[in-house]
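Considered here are two forms of the same protein chain, supplied as structure tokens in two stand-alone entries, structure 1 and structure 2.
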Structure 1
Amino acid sequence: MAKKIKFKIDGKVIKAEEGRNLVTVAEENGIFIPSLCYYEHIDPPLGSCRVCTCNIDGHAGPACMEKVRDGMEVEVAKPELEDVRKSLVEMMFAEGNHFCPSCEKSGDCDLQHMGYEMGITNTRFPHLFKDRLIDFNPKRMVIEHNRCVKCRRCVEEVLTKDGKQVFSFCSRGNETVVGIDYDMEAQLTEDEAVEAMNLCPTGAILVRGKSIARPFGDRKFDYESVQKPKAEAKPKKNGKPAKLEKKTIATISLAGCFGCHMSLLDIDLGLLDIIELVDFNKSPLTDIKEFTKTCDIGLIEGGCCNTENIEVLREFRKKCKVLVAIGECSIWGGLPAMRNMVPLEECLEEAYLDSMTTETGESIVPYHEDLPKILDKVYPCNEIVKIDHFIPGCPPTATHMWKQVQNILWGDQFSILYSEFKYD
């Protein structure tokens, strides 16, 4: 029986058996240390993602690599550390190509979940849009390299009966990919393959015919945060303020699908309350085409895929005091950015010249001085102008958007619930 010891996390004394893993002990004591590659059964831990970085006896280091010792002092909740951990998750989003709305794992994905828990709305890093393959060769599995975060779980854990690795890291540096051995994969049983799919914290390992996609609401990370709800997690109404100043609002859909706008309308009758509080200026909702005055807030749906988008966005920046990017497309490109991994020429040739329905020699790529020019890639709005706030989701829920808008316009009144904060 291991010795009982005492140590401190953020000043709180914790009793535990000596030598147990810090992340697990913290969790049992209601303290959330973000982690991704850490998987209780893998010992020694992998220590690859660094998302669990904490201060251990004064030095920054990965918490998952620590066994608890008597007298150890751990800092978790320091703002500086929180920011660093957040940045690492952001780095993963920027490094891979994560199109959550079209991902089988969405809602059950650990990476996404970490994003939710940390409240990541956008990444501080530019998305790299590195062209990656999807490996359809294995008999049973599909490897979606765009989503792999190189946590190494599959390399260590997925073995054949005679102990051979099915996965291995290949190449190095930012070229590192998880390679799969087709022969070994064929030796896995169906159950083992499904286990591998579940082991993967992201949607990188898929098994044909074994969809993991579940309906909204039924998925692992849909409703409950693993963190203790903070005191103000319920919408707090400090009584209705006597009279709110009326504000003007403008909205636009750039390279988006109008989904965010549809979602804006989703508050149904709530819209009637909103109308009391705001005037719509330029917006597809009102069909007002030109700004007639400076607006208090501009909501931008969609990123920039052509020169007209750029022009409009710049005008919004000039005419709105506050700009809010709503939805994934506007925040970092979203689904339209799926083309960012492929050169524009190839996209256009595929669409206009070589598609199945075009006749050879009969088609051209449209180009006219009246047409906006198409950009080499889809740009997130904040690469073109300064964006003040980001509301994630594809589309964001109506309540999330309106709560946030009201917070911005009249000061914090509402908290965004965990269940309202989504990337899909």
Structure 2
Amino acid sequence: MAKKIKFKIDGKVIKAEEGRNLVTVAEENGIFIPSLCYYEHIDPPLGSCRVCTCNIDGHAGPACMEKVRDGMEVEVAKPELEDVRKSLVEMMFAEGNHFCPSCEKSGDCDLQHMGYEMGITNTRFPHLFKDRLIDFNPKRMVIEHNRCVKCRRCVEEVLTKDGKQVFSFCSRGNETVVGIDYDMEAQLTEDEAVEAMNLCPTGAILVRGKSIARPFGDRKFDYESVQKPKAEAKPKKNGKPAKLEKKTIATISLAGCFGCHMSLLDIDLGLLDIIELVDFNKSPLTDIKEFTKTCDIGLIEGGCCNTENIEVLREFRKKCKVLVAIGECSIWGGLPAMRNMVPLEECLEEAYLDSMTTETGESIVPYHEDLPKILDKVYPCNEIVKIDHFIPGCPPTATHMWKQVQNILWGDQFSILYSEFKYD
């Protein structure tokens, strides 16, 4: 029988069997240590993602590589450690082309889930939008290199019946990619291929005909957080604050689909309460074309794809005391930014010269001094002006947006529920 030992996590005394993995023991004691590469039955652990970084006996290191021992002291909930872990997840989003609203793995993605658990609304790093190849050559699988976080799970766990590896790391350093042996992949059964897809923490491994998006509510990470729930602050009577100064809101849609505005209106009868508390100034909702006053808060939907978008955004920054980016397009470019992986010249040629609807003999890309000039890529709003708050989602729910607005304008402490905080 294993020896029982005592050690501390954030000052709390924990009793456990000596030699067990620190991440597992912490989870059993209600302490959340995030990880993307840790898989309980892979021993020794991979230790590749470093998202589980903690202070262990005074030194920073990956918790998944640690076995619990008597007297060890672990720090998890330290602000600087939380910031390090968040930055690692943010870099994975920025370095890959993770278009959550269009991804088959959305709702079942471990990377996305870690973003939710850490409350990441935006990345502090600019997205790279690398043009990585997608491998369609395997018999059953599609390898989406844009989404791979190089966790090594597939390399270690996906084997043929005679124990040969299907996946392997190729190249070195920043050029490392996960390669697949086509002959070995062909030997996998359909169930083994699906198991490999489910093993991947992101949507990098897909199986044809099996990688189908599922509706909200049927997915793994839709409703329940792995962390202890926090008590939600109760709203005031009738769901609205009392004796509050009326505030002014401005809104605009830039390079987006207007879906965030539609969601904003989806508060239904709650609008009757909201209109007693706010006035809308310049907004598509009021059709007011020009600012008539300085506004307390500006809500920006969509990123910047042309010079007009930039001009409008800068005007909003001047006229709004607080500026909020709502939706994925405004926060990092969203679906319109899928063109960022392709040179602008090629985009224009495909749209106007080589498309199926191009008339024979037509070879003109529209140009006129009155037309806004298209930018080299779609830019998130925070790369153009200072953004004070970010509300992710595609689109965010009405309750999420209005809770945030009330928190910002009146200091009401409405908790954003895990089920409301989503990137898709």
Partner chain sequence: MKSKKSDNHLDRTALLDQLWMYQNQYGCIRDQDVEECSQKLGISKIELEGVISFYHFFHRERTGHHTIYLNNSIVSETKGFQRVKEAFERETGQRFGEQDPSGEFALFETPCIGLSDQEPAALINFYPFTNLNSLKVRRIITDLRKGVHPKAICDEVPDHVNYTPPKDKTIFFREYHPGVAVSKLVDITPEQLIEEVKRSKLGGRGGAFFPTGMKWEFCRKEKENPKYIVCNADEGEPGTFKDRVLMSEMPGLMLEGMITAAYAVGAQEGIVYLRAEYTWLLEKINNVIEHFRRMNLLGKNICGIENFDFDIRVQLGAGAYVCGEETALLNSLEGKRGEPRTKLYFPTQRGYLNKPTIVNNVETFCAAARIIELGTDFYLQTGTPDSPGTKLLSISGDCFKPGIYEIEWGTSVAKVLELCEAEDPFFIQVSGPSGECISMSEKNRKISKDDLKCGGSFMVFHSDRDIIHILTNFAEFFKHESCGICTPCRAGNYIIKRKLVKLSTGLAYKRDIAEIAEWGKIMKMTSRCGLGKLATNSLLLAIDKFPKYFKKKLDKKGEGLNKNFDEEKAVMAYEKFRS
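Quantities reported herein were computed from a predicted structural model and do not represent experimental measurements. Please note that residue numbering is based on structure 1, beginning with 1 at the start of its sequence. In this text, the rigid core denotes the largest set of C-alpha atoms whose superposition between the two forms falls within 1.5 Å.
Novice: Pick out the form predicted together with its partner chain: structure 1 or structure 2.
Specialist: It is structure 1; that copy is the form predicted together with its partner chain.
Novice: Please check if Pro44 moves between the two structures, taking a CA shift of 2 Å or more relative to the superposed core as movement.
Specialist: No, shifts by less than 2 Å.
Novice: For Gly58, is the CA shift between the two structures at least 2 Å following rigid-core superposition?
Specialist: The answer is no, as the C-alpha of Gly58 shifts between the two structures by less than 2 Å after core alignment.
Novice: When the rigid core is used for the superposition, does Asp370 move between the two structures (threshold: C-alpha shift of 2 Å or more)?
Specialist: For Asp370, whose C-alpha is compared between the two structures after core superposition, the shift is less than 2 Å.
Novice: What is the Cα shift of Thr360 between the two structures once the core is superposed, in angstrom?
Specialist: Between its two positions, the C-alpha of Thr360 lies 4.8 Å apart after core fitting.
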